[in-house]
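What follows is one chain in structure tokens, specifically the form predicted alone.
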Amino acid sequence: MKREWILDKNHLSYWLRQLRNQMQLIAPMRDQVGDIVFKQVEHIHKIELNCPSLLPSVKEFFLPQYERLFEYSKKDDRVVDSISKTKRVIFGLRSCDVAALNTLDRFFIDEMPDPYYKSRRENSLLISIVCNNPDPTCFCIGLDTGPYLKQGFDIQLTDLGDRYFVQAESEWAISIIKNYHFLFSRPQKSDYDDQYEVLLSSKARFQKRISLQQSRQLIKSGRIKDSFWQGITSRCFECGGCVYQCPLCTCFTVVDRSYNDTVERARLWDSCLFKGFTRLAGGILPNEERIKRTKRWFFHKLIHYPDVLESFGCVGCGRCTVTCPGRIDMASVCMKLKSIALNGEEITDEG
């Protein structure tokens, strides 16, 4: 059951400090070169509150870029797994990333539970912030994954200027707030009015309105010819940036490494856009042609995800738009499909 409160901004630092005393706190921080990234917090005052909405995804805190699965000691003949049970709170993520994690849950937990992901997810409390000023590349509004969530969150904050409108949904989140009930007050009618105005204002600021459902139907109709995908493929650098930045891409590979008396099995991010990703025994490459890999990425996001996980493999965060040097990101390709369809052209565009 959803509960609602008001938190004065002057109380935020104290609340986060108390949470950090109980568990690991992760929030937007500046790194050594000045970029804002999610990091473990040592000093509360260094948390970046006024940062752009387009931060690196928090996916790496649940599916790390490099993750030791287990370690075998030849000397002791003993296997030690690396399942993390560390309690932590992640503060400052956006609605689209919470929505992405909810979809990843269906992939990593519902069907065949991945114990590494599952443990991290169950031990993480998410405090998300509604996007008052979405980036120009954002289009989450068309996917109902932002700028705010109606459900599926732990704690959701809406910035009302001098205070936050606080919504809590999960039992853990509600208990966390109740433990510090003296910091929170019940919302008044003026608070609800201000929250409503903020949400309306945020929606009006979106520069992109994209329907992935329309692109999905076009693809399923069979009207899109290979010449269109060939044009898209010709502009792909195979850098993997879109995959690594996407909060919903799940491709990985597993390697075994030996260090003296220890053998380690590790999981690393990989990309389905790389030629060797589906390499079979004997060196056979079923998707050696680049066009097949390009089509697979878009088909996976727009066809396979909705069929299997009941949601698109995209939350409209816009990260691939910023990352892709060839301008063949999800938004650009879907907008091109929409334009061609509206003009009644044959969908054989060369990119």
Partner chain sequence: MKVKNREPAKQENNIYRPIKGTIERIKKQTSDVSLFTLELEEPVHYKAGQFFMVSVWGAGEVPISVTSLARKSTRIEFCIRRVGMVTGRIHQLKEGDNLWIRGPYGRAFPLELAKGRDVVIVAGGIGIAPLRPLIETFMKRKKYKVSLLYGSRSPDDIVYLDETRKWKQQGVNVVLTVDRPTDGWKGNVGLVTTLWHLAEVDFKKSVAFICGPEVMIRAAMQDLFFFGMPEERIITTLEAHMKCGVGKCGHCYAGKLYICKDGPVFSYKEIKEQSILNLGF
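Numbering follows the first chain given and starts at 1. Since the structure is predicted, the reported quantities are computational estimates derived from the model, not experimental observations.
FYI, the form predicted together with its partner chain isn't displayed, but the following is about it.
Visitor: Indicate whether the candidate residues Tyr72, Phe107 and Phe277 are all in contact with its partner chain in the model of the complex, with contact defined as any heavy atom within 4.5 Å.
Guide: Checking in the model of the complex: Tyr72, Phe107 and Phe277 are all within 4.5 Å of its partner chain.
Visitor: Just to confirm, with a 4.5 Å cut-off on non-hydrogen atoms, which of Ser202, Thr137, Thr250, Gln195 contacts its partner chain in the model of the complex?
Guide: It is Thr250.
Visitor: Report the residue, out of Arg121, Lys208, Arg163, Arg267, that has at least one non-hydrogen atom within 4.5 angstroms of its partner chain in the model of the complex.
Guide: The residue in contact is Arg267.
Visitor: Using the partner position in the model of the complex, report whether Ser311 sits within 4.5 Å of its partner chain, counting heavy atoms only.
Guide: Because no heavy atom of Ser311 falls inside 4.5 Å of its partner chain in the model of the complex, the answer is no.
Visitor: Check whether His300 has any heavy atom within 4.5 Å of a heavy atom of its partner chain in the model of the complex, and answer yes or no.
Guide: Yes, His300 lies within 4.5 Å of its partner chain in the model of the complex.
Visitor: Taking the shortest heavy atom distance, is Asp114 within 4.5 Å of its partner chain in the model of the complex?
Guide: Yes, Asp114 sits close enough to its partner chain in the model of the complex that at least one of its heavy atoms falls within 4.5 Å.
Visitor: When the contact criterion is heavy atoms within 4.5 Å, does Gln214 count as touching its partner chain in the model of the complex?
Guide: Heavy-atom contact with its partner chain at 4.5 Å: absent for Gln214.
Visitor: Among 169 to 177, 124 to 132, 253 to 261, 149 to 157, which stretch has residues whose heavy atoms lie within 4.5 Å of its partner chain in the model of the complex?
Guide: Of the options, only 253 to 261 has residues within 4.5 Å of the partner.
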